[in-house]
Ligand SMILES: O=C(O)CCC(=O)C(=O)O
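Only one chain comes next, encoded as C-alpha coordinates, the form predicted on its own.
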Amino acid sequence: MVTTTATSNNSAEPFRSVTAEEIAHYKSHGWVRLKRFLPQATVDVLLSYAKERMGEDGATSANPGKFSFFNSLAVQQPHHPLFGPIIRHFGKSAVALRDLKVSPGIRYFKDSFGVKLPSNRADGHGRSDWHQDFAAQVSDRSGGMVFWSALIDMTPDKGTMAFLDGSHRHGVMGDYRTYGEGNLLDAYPGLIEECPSSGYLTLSAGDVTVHSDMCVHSAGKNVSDGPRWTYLVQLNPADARWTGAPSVSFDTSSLTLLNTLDEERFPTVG
(Lines give C-alpha, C1' and ligand atoms only; values in the text may rest on other atoms or scores of the structure.)
Protein backbone atom coordinates (compact mmCIF):
# COMPACT_ATOMS: atom_id res chain seq x y z
CA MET A 1 0.00 0.00 0.00
CA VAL A 2 1.29 3.46 -0.85
CA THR A 3 1.03 5.92 2.02
CA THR A 4 -0.16 9.37 1.03
CA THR A 5 2.15 12.17 2.09
CA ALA A 6 -0.25 15.10 2.38
CA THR A 7 0.83 18.70 2.22
CA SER A 8 -1.21 21.86 2.05
CA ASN A 9 -2.51 22.84 -1.37
CA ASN A 10 0.47 21.30 -3.16
CA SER A 11 -0.54 22.60 -6.56
CA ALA A 12 0.80 25.42 -8.66
CA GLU A 13 -2.84 26.41 -9.06
CA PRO A 14 -4.07 28.34 -6.00
CA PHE A 15 -7.50 28.06 -4.44
CA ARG A 16 -9.87 30.51 -6.11
CA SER A 17 -12.36 32.82 -4.44
CA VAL A 18 -16.13 32.66 -4.88
CA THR A 19 -17.49 35.11 -7.43
CA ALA A 20 -20.23 37.71 -7.04
CA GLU A 21 -22.47 35.60 -9.29
CA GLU A 22 -21.94 32.53 -7.09
CA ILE A 23 -22.72 34.51 -3.94
CA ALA A 24 -25.93 35.82 -5.49
CA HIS A 25 -26.96 32.31 -6.61
CA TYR A 26 -26.42 30.87 -3.11
CA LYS A 27 -28.43 33.61 -1.42
CA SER A 28 -31.28 33.29 -3.93
CA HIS A 29 -31.44 29.49 -4.30
CA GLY A 30 -29.96 28.17 -1.05
CA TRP A 31 -27.26 26.28 -2.93
CA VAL A 32 -24.57 26.90 -5.54
CA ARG A 33 -22.21 24.94 -7.77
CA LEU A 34 -18.60 26.18 -7.59
CA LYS A 35 -16.85 24.98 -10.73
CA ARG A 36 -13.24 23.78 -10.39
CA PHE A 37 -13.14 25.02 -6.82
CA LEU A 38 -10.46 22.52 -5.80
CA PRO A 39 -7.30 22.21 -7.95
CA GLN A 40 -6.79 18.83 -9.62
CA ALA A 41 -3.62 18.12 -7.59
CA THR A 42 -5.60 18.58 -4.36
CA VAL A 43 -8.38 16.33 -5.65
CA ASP A 44 -5.86 13.64 -6.57
CA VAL A 45 -4.39 13.61 -3.04
CA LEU A 46 -7.84 13.51 -1.45
CA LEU A 47 -8.89 10.58 -3.62
CA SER A 48 -5.67 8.71 -2.91
CA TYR A 49 -6.13 9.23 0.84
CA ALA A 50 -9.70 7.91 0.68
CA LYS A 51 -8.83 4.85 -1.43
CA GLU A 52 -6.00 3.84 0.91
CA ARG A 53 -8.50 3.64 3.75
CA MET A 54 -11.71 2.56 2.00
CA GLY A 55 -10.30 0.36 -0.78
CA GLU A 56 -10.10 1.00 -4.50
CA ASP A 57 -13.85 0.54 -4.88
CA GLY A 58 -14.80 2.37 -1.64
CA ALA A 59 -16.49 -0.70 -0.17
CA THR A 60 -15.06 -0.24 3.35
CA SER A 61 -17.13 1.93 5.67
CA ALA A 62 -15.92 3.27 9.02
CA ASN A 63 -19.57 3.57 10.12
CA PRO A 64 -21.21 0.29 9.01
CA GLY A 65 -24.97 0.27 9.36
CA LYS A 66 -25.27 3.99 10.12
CA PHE A 67 -25.70 5.25 6.57
CA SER A 68 -27.79 3.35 4.04
CA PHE A 69 -27.18 5.96 1.34
CA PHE A 70 -23.36 5.85 1.12
CA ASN A 71 -20.25 4.44 2.82
CA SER A 72 -18.73 7.00 5.16
CA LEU A 73 -15.21 7.60 6.46
CA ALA A 74 -15.03 10.32 9.11
CA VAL A 75 -11.85 12.42 9.04
CA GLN A 76 -12.24 15.12 11.73
CA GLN A 77 -8.64 16.35 11.55
CA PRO A 78 -9.09 20.09 10.95
CA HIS A 79 -5.41 20.78 11.68
CA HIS A 80 -4.10 18.09 9.29
CA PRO A 81 -1.73 19.44 6.57
CA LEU A 82 -4.04 18.18 3.81
CA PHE A 83 -7.47 18.84 5.27
CA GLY A 84 -6.76 22.02 7.25
CA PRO A 85 -6.08 24.28 4.24
CA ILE A 86 -9.15 22.93 2.42
CA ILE A 87 -11.37 23.46 5.45
CA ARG A 88 -10.07 27.02 5.91
CA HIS A 89 -10.61 27.68 2.18
CA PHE A 90 -14.21 26.54 2.58
CA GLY A 91 -14.57 28.60 5.77
CA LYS A 92 -13.41 31.77 4.05
CA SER A 93 -15.79 31.03 1.19
CA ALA A 94 -18.68 30.41 3.59
CA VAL A 95 -18.20 33.87 5.08
CA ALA A 96 -18.62 35.35 1.61
CA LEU A 97 -21.62 33.18 0.72
CA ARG A 98 -23.88 33.50 3.75
CA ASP A 99 -25.46 36.44 5.53
CA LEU A 100 -23.45 37.01 8.73
CA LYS A 101 -25.64 39.68 10.30
CA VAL A 102 -27.33 37.17 12.62
CA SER A 103 -24.51 34.74 13.53
CA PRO A 104 -21.08 36.14 12.69
CA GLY A 105 -18.22 33.76 12.02
CA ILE A 106 -17.93 30.20 10.73
CA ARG A 107 -16.87 27.13 12.70
CA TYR A 108 -15.70 23.74 11.40
CA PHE A 109 -18.11 21.00 12.47
CA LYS A 110 -17.14 17.77 10.72
CA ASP A 111 -15.74 16.33 7.50
CA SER A 112 -15.85 12.91 5.86
CA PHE A 113 -15.54 10.97 2.66
CA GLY A 114 -18.71 9.53 1.16
CA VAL A 115 -18.81 6.72 -1.39
CA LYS A 116 -22.07 5.74 -3.07
CA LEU A 117 -21.69 2.23 -4.52
CA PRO A 118 -23.56 1.08 -7.64
CA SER A 119 -27.11 0.05 -6.76
CA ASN A 120 -26.84 -3.27 -8.61
CA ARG A 121 -24.22 -4.56 -6.16
CA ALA A 122 -25.22 -6.61 -3.12
CA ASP A 123 -23.64 -3.90 -0.95
CA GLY A 124 -24.85 -1.07 -3.21
CA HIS A 125 -26.76 2.04 -2.20
CA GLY A 126 -30.13 3.44 -3.12
CA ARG A 127 -31.48 6.93 -3.58
CA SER A 128 -31.02 9.57 -0.86
CA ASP A 129 -34.50 11.04 -0.85
CA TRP A 130 -35.56 14.67 -0.37
CA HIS A 131 -34.58 16.05 3.06
CA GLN A 132 -33.04 18.94 4.97
CA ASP A 133 -29.86 18.56 7.04
CA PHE A 134 -30.63 20.96 9.88
CA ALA A 135 -32.91 18.86 12.10
CA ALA A 136 -30.34 16.05 12.36
CA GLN A 137 -27.31 18.27 13.01
CA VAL A 138 -27.63 18.76 16.83
CA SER A 139 -27.03 22.52 16.50
CA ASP A 140 -29.28 25.06 18.23
CA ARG A 141 -29.26 27.47 15.26
CA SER A 142 -29.41 27.33 11.49
CA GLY A 143 -26.93 29.03 9.19
CA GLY A 144 -24.75 25.99 8.59
CA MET A 145 -23.79 24.68 5.19
CA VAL A 146 -22.29 21.63 3.54
CA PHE A 147 -19.45 21.75 0.99
CA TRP A 148 -19.80 18.63 -1.20
CA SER A 149 -16.71 18.02 -3.35
CA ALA A 150 -16.66 15.78 -6.43
CA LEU A 151 -13.44 13.74 -6.49
CA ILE A 152 -14.18 12.24 -9.92
CA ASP A 153 -16.12 13.38 -12.97
CA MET A 154 -19.74 12.40 -12.49
CA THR A 155 -22.97 12.52 -14.44
CA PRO A 156 -26.43 11.96 -12.89
CA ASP A 157 -26.11 8.18 -13.33
CA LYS A 158 -23.53 8.26 -10.49
CA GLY A 159 -26.19 9.48 -8.06
CA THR A 160 -25.39 13.18 -7.97
CA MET A 161 -27.21 15.84 -5.96
CA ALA A 162 -30.31 17.89 -6.80
CA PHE A 163 -31.72 20.85 -4.86
CA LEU A 164 -35.11 22.53 -4.48
CA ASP A 165 -34.50 26.16 -5.38
CA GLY A 166 -35.47 28.59 -2.61
CA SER A 167 -36.54 25.86 -0.17
CA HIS A 168 -34.14 27.26 2.45
CA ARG A 169 -36.68 30.04 3.09
CA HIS A 170 -39.45 27.68 4.22
CA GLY A 171 -38.25 26.91 7.74
CA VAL A 172 -37.47 23.59 9.40
CA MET A 173 -39.49 20.75 7.90
CA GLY A 174 -38.45 17.89 10.17
CA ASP A 175 -35.83 15.21 10.64
CA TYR A 176 -35.51 12.94 7.59
CA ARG A 177 -36.09 9.88 9.82
CA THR A 178 -39.68 11.00 10.52
CA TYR A 179 -40.86 10.69 6.90
CA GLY A 180 -41.47 6.94 6.87
CA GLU A 181 -39.63 6.08 3.66
CA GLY A 182 -37.59 9.26 4.08
CA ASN A 183 -39.10 11.60 1.46
CA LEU A 184 -39.82 15.13 2.67
CA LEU A 185 -42.14 15.69 -0.31
CA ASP A 186 -44.51 13.07 1.10
CA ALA A 187 -45.03 15.41 4.07
CA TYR A 188 -44.89 18.64 2.00
CA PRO A 189 -46.20 17.66 -1.46
CA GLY A 190 -46.78 21.24 -2.62
CA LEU A 191 -43.21 22.37 -1.98
CA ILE A 192 -41.83 21.31 -5.34
CA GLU A 193 -44.37 23.50 -7.17
CA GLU A 194 -43.02 26.59 -5.43
CA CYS A 195 -39.40 25.41 -5.28
CA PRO A 196 -38.53 23.66 -8.57
CA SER A 197 -35.76 21.09 -8.67
CA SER A 198 -32.36 21.94 -10.07
CA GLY A 199 -32.20 18.46 -11.58
CA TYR A 200 -29.40 16.03 -10.81
CA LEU A 201 -26.11 17.74 -11.59
CA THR A 202 -23.23 16.86 -13.87
CA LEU A 203 -19.95 17.63 -12.10
CA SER A 204 -16.26 17.58 -12.91
CA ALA A 205 -13.58 16.50 -10.45
CA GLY A 206 -12.84 19.56 -8.30
CA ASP A 207 -16.36 20.99 -8.58
CA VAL A 208 -17.95 21.72 -5.21
CA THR A 209 -21.62 22.22 -4.40
CA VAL A 210 -22.57 24.21 -1.32
CA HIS A 211 -26.01 24.02 0.24
CA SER A 212 -27.64 25.60 3.27
CA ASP A 213 -28.64 23.25 6.08
CA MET A 214 -32.21 24.40 5.35
CA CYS A 215 -32.11 23.68 1.61
CA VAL A 216 -34.04 20.56 0.61
CA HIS A 217 -31.92 18.21 -1.49
CA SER A 218 -31.60 14.61 -2.63
CA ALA A 219 -29.25 12.29 -4.51
CA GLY A 220 -30.25 9.68 -7.05
CA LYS A 221 -29.24 6.03 -7.22
CA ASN A 222 -25.81 5.22 -8.55
CA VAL A 223 -26.75 3.20 -11.64
CA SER A 224 -23.26 3.41 -13.17
CA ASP A 225 -20.65 0.66 -13.04
CA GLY A 226 -18.35 2.40 -10.55
CA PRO A 227 -18.41 4.19 -7.17
CA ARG A 228 -19.20 7.87 -6.60
CA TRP A 229 -16.37 9.49 -4.59
CA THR A 230 -17.01 12.68 -2.59
CA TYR A 231 -15.47 14.67 0.25
CA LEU A 232 -17.88 16.57 2.52
CA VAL A 233 -17.25 19.39 4.98
CA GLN A 234 -19.98 20.71 7.27
CA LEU A 235 -19.62 24.22 8.71
CA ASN A 236 -21.80 25.92 11.33
CA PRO A 237 -22.14 29.45 12.69
CA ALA A 238 -19.27 30.13 15.11
CA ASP A 239 -21.73 30.75 17.96
CA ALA A 240 -23.66 27.48 17.46
CA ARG A 241 -24.26 25.38 20.58
CA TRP A 242 -24.99 21.69 21.14
CA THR A 243 -28.66 20.93 21.79
CA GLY A 244 -27.94 17.79 23.80
CA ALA A 245 -29.29 15.51 21.07
CA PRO A 246 -27.37 12.38 20.02
CA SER A 247 -25.64 12.35 16.64
CA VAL A 248 -25.51 9.48 14.15
CA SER A 249 -22.22 10.70 12.67
CA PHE A 250 -19.84 11.81 15.44
CA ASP A 251 -19.04 11.50 19.15
CA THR A 252 -20.85 14.02 21.38
CA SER A 253 -19.40 12.80 24.69
CA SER A 254 -17.05 15.79 25.07
CA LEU A 255 -19.76 18.39 24.36
CA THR A 256 -21.56 20.40 27.04
CA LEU A 257 -25.27 21.17 26.78
CA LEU A 258 -25.91 24.64 25.31
CA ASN A 259 -22.23 25.59 25.46
CA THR A 260 -20.25 26.78 22.46
CA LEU A 261 -17.99 24.19 20.88
CA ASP A 262 -14.34 23.94 21.88
CA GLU A 263 -11.85 25.64 19.57
CA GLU A 264 -9.41 22.75 19.28
CA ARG A 265 -11.87 20.18 17.96
CA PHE A 266 -14.19 22.65 16.23
CA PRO A 267 -11.94 25.57 15.18
CA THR A 268 -13.21 28.86 13.84
CA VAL A 269 -12.30 28.87 10.15
CA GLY A 270 -13.94 32.05 8.88
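Each residue number is its position in the shown sequence, starting from 1. Here the structure is a predicted model, which is why all the values come from computation and not from measurement.
Keep in mind that the form predicted together with this ligand is missing from the display, and what follows is about it.
Exactly one of the stretches 184 to 192, 82 to 90, 145 to 153, 164 to 172 approaches this ligand in the predicted bound form with heavy atoms within 4.5 Å, and it is 145 to 153.
The candidate site formed by 141, 241 and 250 is entirely out of contact with this ligand in the predicted bound form, as no residue has a non-hydrogen atom within 4.5 angstroms of it. Proximity of residue 211 to this ligand in the predicted bound form falls within the 4.5 Å heavy atom cutoff.
Contact check for residue 70: a heavy atom falls within 4.5 Å of this ligand in the predicted bound form.
This ligand in the predicted bound form comes within 4.5 Å of no heavy atom belonging to residue 33. When contacts are judged by a 4.5 Å heavy atom cut-off, residue 232 counts as touching this ligand in the predicted bound form. Among the residues 219, 46, 54, 203, the one placing a heavy atom within 4.5 Å of this ligand in the predicted bound form is 219. Looking at 127 to 141, the residues that come within 4.5 Å of this ligand in the predicted bound form, counting any heavy atom, are 128, 131, 133.
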